[in-house]
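The chain below stands alone, shown as structure tokens; this is the form predicted alone.
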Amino acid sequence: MAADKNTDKKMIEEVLERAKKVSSQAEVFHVRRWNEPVGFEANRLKTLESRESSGMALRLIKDGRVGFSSTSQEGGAKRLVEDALETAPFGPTAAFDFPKRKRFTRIDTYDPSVEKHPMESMVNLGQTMIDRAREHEKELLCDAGVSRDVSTLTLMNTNGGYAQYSTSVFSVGVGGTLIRGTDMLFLWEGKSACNPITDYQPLVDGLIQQLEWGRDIASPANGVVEAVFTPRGVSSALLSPLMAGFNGKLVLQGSSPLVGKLGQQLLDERISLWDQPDLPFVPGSRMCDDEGVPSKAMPLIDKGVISNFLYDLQTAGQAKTHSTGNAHRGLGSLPSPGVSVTVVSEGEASFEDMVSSIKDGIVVERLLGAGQSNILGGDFNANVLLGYRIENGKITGRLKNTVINGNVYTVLKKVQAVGKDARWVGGSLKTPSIYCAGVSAATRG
């Protein structure tokens, strides 16, 4: 990967040299990625792969409008510039200038030991997780995945802006399906980090805990109930409808329910949420965003008060404010604002205390089909893929054929407790369990 960085830089400079002759400003976004996934299906090794890919996107400003093109083919600088020029007359009016060269604070996101980690160890890790889970339940049909990924992002523009950094990601996941007649119980645990993961025991323990809580089917849950969202449940049910409201583009368009609410307390004072892309060795961290604006930690919700919105260069220019360093993009699309690393502050309650205080309620672990409701309005409405029934302070079994719905702004006003059990879900969210009232549940049959 290191040897390719200089090659990439020369290629980018060639594109910019051509682009600045025909436009007022231009920017190249280049990504090179190497990925090796190991996959297991039905308790056995299924795939071993090694992939390399790279691509480049060009944005230029011509007569005040933004032109865009991209390619996954190396070379072809002339065609890339011509394609961007052709789109410029139909592109959005540019409300920004590309940033000049910045001094970035170093944020460690690359561990060279990820690239050196033996493939044999990855295979052993996946198979060991499956074997340990099946030692507990021999009828469990297990899948697993272990992967390592290294990507290098290079960003350069005609105003002197330049950034280049690498990120390593090591991901491990193990799932299981328990089939009994027509009933199927789906389980999953996973983790991602910038360093190699070798301790599989917490993942296996988590899978077994899900199995034991969900082995029996509980009585139906109907009506408005109290609910404990585990960290994975917060990610599955609450995060998307909550974060949609902070998108500066939606605020600008007037479609966010948070328009005009900046500085107002809309949620329980125990809810604080930050965008923290400056945390070392967290996969979602980065020294700058995808436009070369320095990353910084920023509160979005401070003790229930709406504190900031997320902007990229274009939406910030249109809103007459400054970019917050939250531009995200793929090679095939223009940047848009989004959160980088979401951190929800811990509370003081244990998970066991939250469950024991509920007479009639549910635990939400994972949803199926979330995202089909009115997310922009803060709604969530989906089937419970994995959740549990709480009766008289105890988990009594698994929810089956159950749908939950609610509004994130309403339930986060009715917070009963915030857990002290914060943990990472994937590589970009750290959250504790959250205990809320006002969640509607309905069980079919």
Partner chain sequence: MDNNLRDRISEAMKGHEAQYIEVRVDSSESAYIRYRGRELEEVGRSSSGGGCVRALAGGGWGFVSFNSLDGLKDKVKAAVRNARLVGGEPIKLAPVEPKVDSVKRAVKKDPTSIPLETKKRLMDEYVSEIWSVPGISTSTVGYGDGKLRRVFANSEGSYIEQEKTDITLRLNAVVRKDGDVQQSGQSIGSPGEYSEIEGLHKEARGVAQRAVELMAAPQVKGGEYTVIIEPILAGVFIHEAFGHLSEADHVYEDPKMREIMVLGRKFGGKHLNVVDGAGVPGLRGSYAYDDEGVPSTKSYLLREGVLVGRLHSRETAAKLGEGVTGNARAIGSSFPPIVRMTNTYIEGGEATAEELISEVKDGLYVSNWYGGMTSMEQFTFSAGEAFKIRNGKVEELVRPVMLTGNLFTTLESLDAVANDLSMNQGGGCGKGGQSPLAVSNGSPHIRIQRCLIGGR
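Everything numeric in this text was worked out from a predicted model, so none of it was measured. Positions refer to the first chain, counted from 1.
The discussion below concerns the form predicted in complex with the partner chain, not included here.
When the partner chain is considered in the predicted bound form, only one residue from 198, 219, 321, 333 comes within 4.5 Å through any heavy atom, namely 333. In summary, among the residues 250, 95, 225, 193, the only one with a non-hydrogen atom within 4.5 Å of the partner chain in the predicted bound form is 250. Remark: residue 212 does not count among the residues lining the partner chain in the predicted bound form, judged by a heavy atom distance of 4.5 Å or less. Heavy atoms of residue 131 never reach within 4.5 Å of the partner chain in the predicted bound form, leaving it off the interface. In the predicted bound form, the partner chain stays beyond 4.5 Å of every heavy atom belonging to residue 394. None of the heavy atoms of residue 208 is located within 4.5 Å of the partner chain in the predicted bound form.
Note that among 267-275, 82-90, 95-103, 345-353, the stretch whose heavy atoms approach the partner chain to within 4.5 Å in the predicted bound form is 82-90.
If you check the partner chain in the predicted bound form, you find a heavy atom from every one of 257, 368 and 401 within 4.5 Å. Residues 179, 181, 182, 183, 184, 186 of 169-199 are found to place at least one heavy atom within 4.5 Å of the partner chain in the predicted bound form.
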